[in-house]
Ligand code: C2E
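Single chain ahead, written as structure tokens, the form predicted on its own.
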């Protein structure tokens, strides 16, 4: 019985490695031949005086629809891109495309005020030339860096706090603002908040999903909103999918939202 289980595990492990190797080959081709697409999910704000809900910006989200194998989910290929290093050329391409898109929005009276949020990977941020690449792209596209917001994870920020602080100061000097993505799922200490010039917290969707039924999530979200208010930060609730979730968040004092209740990610032409 033990031998049979061992053989099964070996075969399963070999199959997984083969699948990952095949996926990596497809991924390299997709990056080389620019088969990726940028989708955008709108971010919404509630006007303090009028109560009106309006679009304040959008988050750029990478999508891969392979011409042969169809849609490949981000949670399948992004970890592989990180592990293999493919995230470096992919991340640079995303920056190029989103900066160009932001420049186009500047000429659209409906979108000219929008802020554009872009996720930055750990390996991308750690590269010595990251700031230089960003500066060169800003100069090349002539986009307004004050409308760019980079989303960074907590683990990225505290991995090397001194180096993170140096790069973040360089980005804010360019005019780019910073957001902590998936806030509450990472580092347990909040001491870094007082040291880093962060502008926004994004409450992870795992805390929003059961907010109408789980009192623990209610307490956690209220705490995060209070932290944001104390530090003078915008707080965006991600993964808002129902009217009940929205109304509950609004009653807690949340003013910024993102999720399917408001809009799904779509190609730029459909925004």
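Positions refer to the first chain, counted from 1. Bear in mind that the values here come from a model prediction, so they are computed numbers and not experimental data.
What comes next is about the form predicted in complex with the ligand, which is not displayed.
Only one of 47-55, 25-33, 236-244, 211-219 places residue heavy atoms within 4.5 angstroms of the ligand in the predicted bound form, namely 236-244. Site residues 62, 119 and 182 are all in contact with the ligand in the predicted bound form, judged by any heavy atom within 4.5 Å. Using a 4.5 angstroms limit between non-hydrogen atoms, residue 75 touches the ligand in the predicted bound form. Among heavy atoms of residue 143, none comes within 4.5 Å of the ligand in the predicted bound form. Contact check for residue 205: a non-hydrogen atom falls within 4.5 Å of the ligand in the predicted bound form. Residue 151 belongs to the set of residues with a heavy atom inside 4.5 Å of the ligand in the predicted bound form. Only one of 168, 138, 86, 94 lies close to the ligand in the predicted bound form, with a heavy atom inside 4.5 Å, and it is 94.
Along 245-263, these residues reach a heavy atom to within 4.5 Å of the ligand in the predicted bound form: 259, 260.
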